[in-house]
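Just one chain follows, in the form predicted alone, and it is written as C-alpha coordinates.
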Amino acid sequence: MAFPQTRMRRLRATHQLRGLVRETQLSASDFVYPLFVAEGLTGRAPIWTMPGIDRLSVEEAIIEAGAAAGLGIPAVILFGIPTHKDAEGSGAYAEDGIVQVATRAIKQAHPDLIVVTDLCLCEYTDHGHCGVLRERVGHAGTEHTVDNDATLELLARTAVSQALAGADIVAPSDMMDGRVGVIRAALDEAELSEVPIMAYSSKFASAFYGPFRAAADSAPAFGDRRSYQMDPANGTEAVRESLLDAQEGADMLMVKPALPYLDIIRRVREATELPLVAYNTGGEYSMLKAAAAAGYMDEQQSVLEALTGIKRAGADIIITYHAKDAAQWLT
(Lines give C-alpha, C1' and ligand atoms only; values in the text may rest on other atoms or scores of the structure.)
Protein backbone atom coordinates (compact mmCIF):
# COMPACT_ATOMS: atom_id res chain seq x y z
CA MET A 1 0.00 0.00 0.00
CA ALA A 2 1.13 3.54 -0.65
CA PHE A 3 1.53 6.47 1.73
CA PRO A 4 -0.10 7.33 4.12
CA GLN A 5 -0.93 3.70 4.99
CA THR A 6 2.67 2.63 4.33
CA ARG A 7 5.15 4.54 6.45
CA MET A 8 8.67 3.14 6.27
CA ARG A 9 9.74 5.24 9.25
CA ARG A 10 7.57 3.25 11.65
CA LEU A 11 10.28 0.60 12.13
CA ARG A 12 13.06 3.20 12.49
CA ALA A 13 11.58 5.06 15.43
CA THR A 14 13.70 3.59 18.28
CA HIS A 15 16.99 1.83 18.80
CA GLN A 16 15.12 -1.34 19.81
CA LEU A 17 12.94 -1.36 16.71
CA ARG A 18 15.90 -0.77 14.42
CA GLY A 19 17.72 -3.66 16.05
CA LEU A 20 14.71 -5.94 15.77
CA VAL A 21 14.46 -5.58 11.98
CA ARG A 22 18.17 -5.16 11.19
CA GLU A 23 19.06 -7.29 8.17
CA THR A 24 22.85 -7.42 8.57
CA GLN A 25 24.33 -8.29 11.96
CA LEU A 26 28.01 -7.51 12.54
CA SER A 27 29.88 -9.19 15.40
CA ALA A 28 33.40 -9.88 16.62
CA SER A 29 32.98 -13.48 15.47
CA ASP A 30 33.09 -12.22 11.86
CA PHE A 31 36.66 -10.91 12.18
CA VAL A 32 40.17 -12.17 11.52
CA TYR A 33 42.90 -9.96 13.03
CA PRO A 34 46.19 -9.60 11.12
CA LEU A 35 49.50 -9.79 13.02
CA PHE A 36 52.93 -8.79 11.66
CA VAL A 37 55.55 -10.95 13.37
CA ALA A 38 59.15 -9.84 12.91
CA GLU A 39 62.16 -12.09 13.34
CA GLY A 40 64.85 -10.71 15.66
CA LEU A 41 62.59 -8.01 17.09
CA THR A 42 62.36 -7.30 20.80
CA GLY A 43 59.00 -5.91 21.88
CA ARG A 44 57.04 -3.86 19.37
CA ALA A 45 57.83 -1.46 16.55
CA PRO A 46 55.14 0.98 15.37
CA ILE A 47 54.18 0.86 11.68
CA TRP A 48 54.14 4.44 10.49
CA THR A 49 51.72 3.79 7.62
CA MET A 50 49.16 2.08 9.87
CA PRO A 51 48.56 3.98 13.14
CA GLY A 52 47.78 1.62 16.00
CA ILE A 53 49.33 -1.43 14.30
CA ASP A 54 52.80 -2.68 15.28
CA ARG A 55 55.38 -5.14 14.16
CA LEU A 56 55.57 -7.73 16.92
CA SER A 57 58.11 -10.07 18.42
CA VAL A 58 56.88 -13.64 18.91
CA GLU A 59 56.29 -12.90 22.59
CA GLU A 60 54.26 -9.79 21.78
CA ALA A 61 52.34 -11.69 19.10
CA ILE A 62 51.25 -14.16 21.77
CA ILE A 63 50.00 -11.27 23.91
CA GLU A 64 48.23 -9.58 20.99
CA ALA A 65 46.61 -12.84 19.91
CA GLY A 66 45.37 -13.36 23.45
CA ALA A 67 43.91 -9.85 23.54
CA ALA A 68 42.04 -10.55 20.30
CA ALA A 69 40.71 -13.84 21.62
CA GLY A 70 39.57 -12.11 24.80
CA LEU A 71 37.43 -9.77 22.70
CA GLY A 72 35.70 -12.67 20.98
CA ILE A 73 37.72 -12.53 17.76
CA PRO A 74 38.05 -16.17 16.65
CA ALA A 75 41.12 -15.98 14.40
CA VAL A 76 44.37 -14.21 13.59
CA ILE A 77 46.30 -14.25 10.32
CA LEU A 78 50.10 -14.16 10.49
CA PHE A 79 52.49 -12.28 8.22
CA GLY A 80 56.19 -12.92 8.71
CA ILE A 81 59.03 -10.42 8.43
CA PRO A 82 62.33 -12.35 8.24
CA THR A 83 65.85 -11.08 8.92
CA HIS A 84 67.20 -12.84 5.82
CA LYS A 85 65.83 -12.83 2.28
CA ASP A 86 66.99 -14.68 -0.82
CA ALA A 87 66.00 -15.24 -4.43
CA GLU A 88 63.75 -18.22 -3.67
CA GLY A 89 62.19 -16.98 -0.43
CA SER A 90 63.51 -19.91 1.60
CA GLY A 91 62.39 -18.33 4.87
CA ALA A 92 58.79 -18.97 3.86
CA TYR A 93 59.15 -22.76 4.04
CA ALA A 94 61.91 -23.12 6.65
CA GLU A 95 60.99 -25.20 9.68
CA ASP A 96 62.31 -22.40 11.89
CA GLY A 97 60.83 -19.60 9.76
CA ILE A 98 59.26 -16.73 11.65
CA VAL A 99 55.67 -17.70 10.81
CA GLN A 100 56.30 -21.32 11.78
CA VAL A 101 57.85 -20.28 15.10
CA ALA A 102 55.05 -17.82 15.82
CA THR A 103 52.37 -20.35 14.89
CA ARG A 104 53.71 -22.92 17.33
CA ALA A 105 53.98 -20.34 20.11
CA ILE A 106 50.49 -18.90 19.61
CA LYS A 107 48.83 -22.31 19.33
CA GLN A 108 50.56 -23.43 22.52
CA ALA A 109 49.44 -20.31 24.40
CA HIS A 110 45.96 -20.08 22.86
CA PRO A 111 44.98 -23.51 21.54
CA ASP A 112 41.39 -22.55 20.77
CA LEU A 113 42.34 -19.51 18.68
CA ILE A 114 42.33 -20.16 14.93
CA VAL A 115 45.70 -19.36 13.35
CA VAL A 116 45.62 -18.57 9.64
CA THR A 117 48.98 -18.31 7.88
CA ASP A 118 49.44 -16.08 4.86
CA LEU A 119 51.15 -18.19 2.22
CA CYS A 120 53.31 -16.21 -0.17
CA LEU A 121 56.98 -15.62 -0.99
CA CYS A 122 56.99 -11.83 -1.39
CA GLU A 123 58.02 -11.11 2.22
CA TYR A 124 60.91 -13.58 1.92
CA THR A 125 62.38 -12.89 -1.54
CA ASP A 126 65.17 -10.34 -1.96
CA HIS A 127 63.40 -9.00 -5.08
CA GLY A 128 60.00 -8.67 -3.41
CA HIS A 129 57.98 -10.59 -5.98
CA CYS A 130 55.58 -13.40 -5.09
CA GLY A 131 57.54 -16.16 -6.79
CA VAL A 132 60.88 -17.18 -8.23
CA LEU A 133 62.16 -15.23 -11.22
CA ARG A 134 63.40 -16.35 -14.60
CA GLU A 135 65.14 -14.34 -17.28
CA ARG A 136 63.77 -13.86 -20.74
CA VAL A 137 64.89 -11.77 -23.67
CA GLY A 138 62.28 -9.19 -24.60
CA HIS A 139 62.12 -6.18 -26.88
CA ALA A 140 63.82 -4.09 -24.17
CA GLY A 141 66.60 -6.62 -23.61
CA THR A 142 66.84 -9.12 -20.76
CA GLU A 143 63.78 -9.02 -18.51
CA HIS A 144 62.78 -10.83 -15.35
CA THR A 145 59.37 -12.42 -14.94
CA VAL A 146 57.82 -14.57 -12.23
CA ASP A 147 57.98 -18.24 -13.15
CA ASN A 148 54.51 -19.53 -12.31
CA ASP A 149 55.17 -23.27 -12.41
CA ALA A 150 58.53 -23.16 -10.63
CA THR A 151 56.88 -21.16 -7.85
CA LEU A 152 54.16 -23.76 -7.26
CA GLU A 153 56.57 -26.27 -5.72
CA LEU A 154 57.80 -23.69 -3.21
CA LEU A 155 54.26 -22.67 -2.30
CA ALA A 156 53.38 -26.31 -1.68
CA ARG A 157 56.44 -26.70 0.57
CA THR A 158 55.43 -23.59 2.46
CA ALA A 159 51.88 -24.86 2.97
CA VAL A 160 53.08 -28.17 4.38
CA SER A 161 55.64 -26.43 6.61
CA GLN A 162 53.02 -24.04 8.00
CA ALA A 163 50.49 -26.81 8.57
CA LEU A 164 53.05 -28.97 10.36
CA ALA A 165 53.79 -26.00 12.60
CA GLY A 166 50.13 -25.99 13.64
CA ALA A 167 48.39 -23.61 11.23
CA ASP A 168 44.65 -24.20 11.28
CA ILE A 169 44.17 -22.64 7.83
CA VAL A 170 46.67 -21.81 5.07
CA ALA A 171 45.92 -18.80 2.88
CA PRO A 172 47.78 -18.60 -0.46
CA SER A 173 47.97 -14.96 -1.59
CA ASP A 174 50.45 -15.23 -4.47
CA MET A 175 47.98 -15.39 -7.40
CA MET A 176 49.92 -18.07 -9.28
CA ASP A 177 47.77 -20.13 -11.62
CA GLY A 178 47.05 -23.63 -10.31
CA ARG A 179 48.43 -23.11 -6.84
CA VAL A 180 45.32 -24.20 -4.93
CA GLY A 181 45.32 -27.62 -6.58
CA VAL A 182 49.05 -28.12 -6.02
CA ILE A 183 48.78 -27.04 -2.37
CA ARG A 184 45.76 -29.30 -1.79
CA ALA A 185 47.64 -32.27 -3.25
CA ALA A 186 50.74 -31.54 -1.15
CA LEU A 187 48.74 -31.24 2.07
CA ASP A 188 46.88 -34.45 1.34
CA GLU A 189 50.09 -36.31 0.53
CA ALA A 190 51.59 -35.12 3.83
CA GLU A 191 48.54 -36.51 5.69
CA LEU A 192 47.30 -32.98 6.37
CA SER A 193 44.03 -33.34 4.52
CA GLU A 194 42.10 -31.71 7.37
CA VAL A 195 43.83 -28.34 6.88
CA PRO A 196 41.56 -25.94 4.93
CA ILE A 197 42.73 -23.57 2.20
CA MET A 198 41.57 -19.95 2.31
CA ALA A 199 42.36 -18.85 -1.24
CA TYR A 200 43.05 -15.23 -2.14
CA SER A 201 41.04 -15.83 -5.27
CA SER A 202 40.23 -12.30 -6.46
CA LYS A 203 43.29 -10.33 -5.43
CA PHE A 204 43.50 -7.13 -7.40
CA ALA A 205 46.64 -5.12 -8.24
CA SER A 206 45.67 -2.31 -5.89
CA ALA A 207 47.10 0.95 -4.61
CA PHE A 208 45.39 0.13 -1.30
CA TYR A 209 48.24 -2.31 -0.49
CA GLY A 210 50.74 0.53 0.03
CA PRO A 211 50.55 0.66 3.86
CA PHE A 212 50.82 -3.13 4.09
CA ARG A 213 53.93 -3.26 1.92
CA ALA A 214 55.63 -0.77 4.21
CA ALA A 215 54.54 -2.81 7.23
CA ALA A 216 55.70 -6.16 5.82
CA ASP A 217 58.72 -4.81 3.89
CA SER A 218 57.38 -6.57 0.80
CA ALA A 219 57.38 -3.96 -1.97
CA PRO A 220 58.84 -5.32 -5.24
CA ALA A 221 62.38 -4.14 -5.93
CA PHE A 222 61.48 -3.54 -9.57
CA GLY A 223 58.34 -3.43 -11.68
CA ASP A 224 54.97 -4.28 -10.18
CA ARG A 225 52.65 -7.26 -9.71
CA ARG A 226 50.17 -6.51 -12.47
CA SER A 227 51.27 -9.54 -14.47
CA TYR A 228 49.83 -11.88 -11.83
CA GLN A 229 47.45 -9.85 -9.64
CA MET A 230 44.11 -8.92 -11.18
CA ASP A 231 43.24 -5.86 -13.24
CA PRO A 232 40.96 -3.66 -11.07
CA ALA A 233 38.69 -3.11 -14.07
CA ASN A 234 37.68 -6.78 -14.38
CA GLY A 235 34.68 -8.25 -12.57
CA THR A 236 33.77 -11.30 -14.64
CA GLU A 237 37.38 -12.46 -14.46
CA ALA A 238 37.19 -12.28 -10.66
CA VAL A 239 34.23 -14.64 -10.64
CA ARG A 240 36.09 -16.98 -12.97
CA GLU A 241 39.17 -16.95 -10.71
CA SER A 242 36.98 -17.79 -7.73
CA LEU A 243 35.26 -20.68 -9.47
CA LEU A 244 38.61 -22.09 -10.62
CA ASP A 245 39.92 -22.03 -7.05
CA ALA A 246 36.76 -23.76 -5.86
CA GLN A 247 37.26 -26.46 -8.50
CA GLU A 248 40.87 -26.94 -7.39
CA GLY A 249 39.83 -27.59 -3.79
CA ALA A 250 39.69 -24.25 -1.98
CA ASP A 251 37.59 -24.34 1.18
CA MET A 252 37.13 -20.56 1.37
CA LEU A 253 37.39 -17.81 -1.23
CA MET A 254 38.58 -14.24 -0.78
CA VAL A 255 38.17 -10.84 -2.40
CA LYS A 256 40.91 -8.29 -1.74
CA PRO A 257 40.61 -5.29 -1.29
CA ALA A 258 37.12 -4.99 0.15
CA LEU A 259 35.60 -1.50 0.09
CA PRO A 260 36.46 -0.60 -3.54
CA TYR A 261 35.28 -4.07 -4.62
CA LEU A 262 31.91 -4.53 -2.91
CA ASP A 263 30.39 -5.36 -6.30
CA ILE A 264 32.89 -8.19 -6.69
CA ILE A 265 32.05 -9.54 -3.24
CA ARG A 266 28.39 -9.60 -4.24
CA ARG A 267 29.08 -11.29 -7.59
CA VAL A 268 31.27 -13.98 -6.04
CA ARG A 269 28.72 -14.50 -3.27
CA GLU A 270 26.03 -15.16 -5.89
CA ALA A 271 28.30 -17.50 -7.87
CA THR A 272 29.37 -19.86 -5.07
CA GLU A 273 28.22 -21.32 -1.78
CA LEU A 274 31.72 -21.50 -0.28
CA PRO A 275 32.49 -19.27 2.72
CA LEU A 276 33.54 -15.87 1.42
CA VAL A 277 36.28 -13.75 2.98
CA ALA A 278 36.85 -10.04 2.35
CA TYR A 279 40.20 -8.45 3.17
CA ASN A 280 39.73 -4.91 4.50
CA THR A 281 43.24 -3.81 3.53
CA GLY A 282 45.83 -1.56 5.09
CA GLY A 283 44.97 1.28 2.73
CA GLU A 284 41.31 1.09 3.70
CA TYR A 285 42.27 1.06 7.37
CA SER A 286 44.73 3.94 7.14
CA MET A 287 42.33 6.02 5.07
CA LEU A 288 39.68 5.96 7.80
CA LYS A 289 42.25 6.40 10.57
CA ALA A 290 43.66 9.49 8.86
CA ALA A 291 40.22 11.00 8.28
CA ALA A 292 39.26 10.39 11.90
CA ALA A 293 42.54 11.86 13.18
CA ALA A 294 41.91 14.98 11.09
CA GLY A 295 38.43 15.31 12.56
CA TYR A 296 36.69 14.74 9.22
CA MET A 297 34.66 11.72 10.43
CA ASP A 298 33.73 9.91 13.60
CA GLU A 299 36.02 6.88 13.72
CA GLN A 300 33.68 4.45 15.47
CA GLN A 301 30.68 5.21 13.29
CA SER A 302 32.62 5.22 10.03
CA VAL A 303 34.49 1.99 10.77
CA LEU A 304 31.38 0.07 11.82
CA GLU A 305 29.50 1.40 8.80
CA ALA A 306 32.31 0.28 6.47
CA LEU A 307 32.53 -3.20 8.02
CA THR A 308 28.74 -3.58 7.93
CA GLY A 309 28.81 -2.64 4.24
CA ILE A 310 31.39 -5.35 3.56
CA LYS A 311 29.27 -7.95 5.31
CA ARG A 312 26.07 -6.71 3.66
CA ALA A 313 27.72 -7.15 0.25
CA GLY A 314 28.05 -10.87 1.03
CA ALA A 315 31.23 -11.50 3.04
CA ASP A 316 31.01 -14.14 5.76
CA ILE A 317 34.43 -13.32 7.21
CA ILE A 318 36.29 -9.99 7.32
CA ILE A 319 40.05 -9.71 7.72
CA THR A 320 40.52 -6.27 9.22
CA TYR A 321 43.03 -4.23 11.20
CA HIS A 322 40.02 -2.61 12.89
CA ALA A 323 39.12 -5.95 14.49
CA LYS A 324 40.05 -5.16 18.09
CA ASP A 325 38.49 -1.70 18.08
CA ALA A 326 35.36 -2.91 16.32
CA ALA A 327 34.96 -5.83 18.71
CA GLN A 328 35.10 -3.43 21.66
CA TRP A 329 32.62 -1.04 20.09
CA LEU A 330 30.20 -3.84 19.26
CA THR A 331 30.40 -5.11 22.82
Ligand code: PBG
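The structure displayed is predicted, hence computed values, not measured ones. Throughout, we count residues from 1 along the sequence that is shown.
Below: the form predicted together with the ligand, not depicted.
Residue in contact with the ligand in the model of the complex (any heavy atom within 4.5 Å), chosen from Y93, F208, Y261, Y124: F208. A single residue from the set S173, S161, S242, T151 has any heavy atom within 4.5 angstroms of the ligand in the model of the complex; that residue is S173. Of the candidate stretches 95-103, 143-151, 181-189, 112-120, only 112-120 has residues whose heavy atoms lie within 4.5 Å of the ligand in the model of the complex.
Using a 4.5 angstroms threshold between heavy atoms, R157 stays clear of the ligand in the model of the complex. Of the heavy atoms in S286, none are within 4.5 Å of the ligand in the model of the complex. Remark: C130 counts among the residues lining the ligand in the model of the complex, judged by a heavy atom distance of 4.5 Å or less.
Using a 4.5 Å cutoff between non-hydrogen atoms, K107 does not count as a contact of the ligand in the model of the complex. Residue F79 is the only member of 77-105 with a non-hydrogen atom no more than 4.5 angstroms from the ligand in the model of the complex.
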